[in-house]
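Next up is one chain by itself, shown in structure tokens, the form predicted alone.
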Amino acid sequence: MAGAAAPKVVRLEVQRNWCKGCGICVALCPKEVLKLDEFGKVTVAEPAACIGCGRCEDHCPDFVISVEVEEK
């Protein structure tokens, strides 16, 4: 299969106790992986949908999210 991208594993870590609930990560996620829960804190709602783009990690003002991408 020429030109196919290597499969990857994406891990998201969220430090909910640091989250202020600004919603920036939710707004920037192209796959709607992140949601705000009933307490206004970020949660990983659809982990399998994450493509590892890192927008959430790059733009979080409180350093709540960590994205790790591992090529298989």
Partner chain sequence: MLNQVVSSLRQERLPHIWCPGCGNGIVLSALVKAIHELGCDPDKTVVVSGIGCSSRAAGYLDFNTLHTTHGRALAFATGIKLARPELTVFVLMGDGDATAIGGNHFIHAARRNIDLTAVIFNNSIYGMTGGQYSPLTPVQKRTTTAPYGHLERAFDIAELARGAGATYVARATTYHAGLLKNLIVAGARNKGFSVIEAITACPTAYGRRNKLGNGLQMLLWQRDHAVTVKQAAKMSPEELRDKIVIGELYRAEAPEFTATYEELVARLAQKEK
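Positions refer to the first chain, counted from 1. Worth saying up front: this structure is predicted, and the values here are computed from it rather than measured.
The same protein also has a form predicted together with its partner chain, omitted here; what follows describes it.
Its partner chain in the model of the complex is not approached by residue 49, whose heavy atoms all lie more than 4.5 angstroms from it. Looking at residue 68, you'd find a heavy atom of it within 4.5 angstroms of its partner chain in the model of the complex. Not displayed here, its partner chain is approached by residue 28 to within 4.5 Å at the level of heavy atoms in the model of the complex. At the 4.5 Å threshold, heavy atoms of residue 12 stay clear of its partner chain in the model of the complex, well away from it. Along 9-39, a non-hydrogen atom within 4.5 Å of its partner chain in the model of the complex is carried by 13, 17, 18, 20, 22, 23, 24, 27, 28, in order along the sequence.
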